[in-house]
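A single chain comes next, written as structure tokens; it is the form predicted alone.
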Amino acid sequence: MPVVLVDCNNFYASCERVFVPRLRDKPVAVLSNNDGCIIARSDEVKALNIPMGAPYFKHRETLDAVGAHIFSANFELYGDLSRRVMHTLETFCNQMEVYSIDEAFLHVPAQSDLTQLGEAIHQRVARWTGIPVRVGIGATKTLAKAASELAKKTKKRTFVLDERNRTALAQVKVEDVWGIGRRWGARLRRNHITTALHLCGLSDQQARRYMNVIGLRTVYELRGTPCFPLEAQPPTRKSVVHSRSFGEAVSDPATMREVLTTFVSRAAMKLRRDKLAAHMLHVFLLTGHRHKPDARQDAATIHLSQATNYTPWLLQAANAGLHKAWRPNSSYTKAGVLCYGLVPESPTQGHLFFPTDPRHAALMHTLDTINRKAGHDAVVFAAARPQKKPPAWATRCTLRSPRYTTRWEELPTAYA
């Protein structure tokens, strides 16, 4: 049964183009939190040799010179368009693994013309969502990944990697093989194994000597023997984290409490969405940039008396963690909360002296429903200080495009 990998082209940049057609074939770049680094580039920006993750200020003049369109990250829009792409892909198969926000593996029935299938996928996704994709097809997930790389190199929309063109693996660098990476790639290169075709030709003993059993399975996959099955159900979360860099440093505990209230509320909503509860909550506060020598992280972990996803209880733990972690006369530029020790929300071990009130689940369900329909922060806890405009500490996103598909007040306008 063939494995199909569908990969959205320059996904964040492509999302920005969906509702603004004039951006097609124009240089587009998307920036990270606080508009700091470039995290997505259209092909036109890549042609300027601007690397991924580069600080925006270093390349601003170059981008301005070519009339590049710059956007703050609009994750709400990207997440919604990703869901639409995945729903479209489901129409082609009965088993699919969502690998990332812009990639998915599909198991499709054996067909005589796989190239035609790839073209059909490309056309339907483009027609239904506006997102361009490339399609890699092979007998295994690793071959499908390699086929996707070859599609990018050859500028094809679909690439089928089978026995007839297996020598095309010579065009794939060994470190670009799915699962190899830089560390193993460097070791393999020292032993004159530089391409996926070289890797495919290793004996079992050599593969285990240079890597390990996982690397051996990768070699098997390159030979056409499936070792990595599709995971139709995503693995259970080990933790839930919500963190942000601040638009303005925070130097008083009252404001930091407001920050953590917002973060805990978002993390708790994720827990309830995945039907999980947390045993522990970790609060961390950072001063300066993590790469600077004077940067410092202050943190505290609170062990909960029972696993929970009830926001008020998590807020109590966060306040206790803030009290432990806070250092006077500090100026923090980033903070976050990490919920871990996750277990299914039901059944969970109760507490003898603090029994769970069944009204808690109903209250949280109502809160989540309102916020899903009316948007984040439609209903918030008082400690978050609800206000009409973003607080000073909020992440800067002055160049963000409208959230066209998830906010009524930001729907696109069509002119006849």
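Sequential numbering from 1, following the sequence displayed. For the two forms, the rigid core is made up of the largest set of C-alpha atoms that agree within 1.5 Å on superposition. None of the values given here were measured: they were computed from a predicted structure.
The same protein has a further form, the form predicted in complex with the DNA, not shown here; the description that follows concerns it.
Using a 4.5 Å cutoff between non-hydrogen atoms, T225 does not count as a contact of the DNA in the predicted bound form.
For S245, a non-hydrogen atom is located within 4.5 Å of the DNA in the predicted bound form, even though that partner is not displayed. Interface membership of R217, defined by any non-hydrogen atom within 4.5 Å of the DNA in the predicted bound form, is confirmed. Interface membership of S32, defined by any non-hydrogen atom within 4.5 Å of the DNA in the predicted bound form, is confirmed. At a distance of at most 4.5 angstroms from the DNA in the predicted bound form, all three residues D102, I180 and K334 contribute at least one non-hydrogen atom.
In summary, the region of this chain contacting the DNA in the predicted bound form, judged by heavy atoms within 4.5 Å and restricted to 182 to 190, 130 to 138, 79 to 87, 249 to 257, corresponds to 182 to 190.
This chain is displayed alone, yet in the predicted bound form one of A170, A120, V343, V213 has a heavy atom within 4.5 Å of the DNA; that residue is V213. When you look in the predicted bound form, the only residue of V125, L314, V240, V160 with a non-hydrogen atom within 4.5 Å of the DNA is V240. In this stretch, 122 to 150, the one residue having a heavy atom within 4.5 Å of the DNA in the predicted bound form is K145; the partner itself is omitted from this view. The rigid-core alignment places the CA of R209 2 Å or more apart between this form and the one not shown. After superposition on the rigid core, displacement of the C-alpha of K155 between this form and the one not shown stays below 2 Å. Core-superposed comparison between this form and the one not shown: CA of H303 displaced by less than 2 Å.
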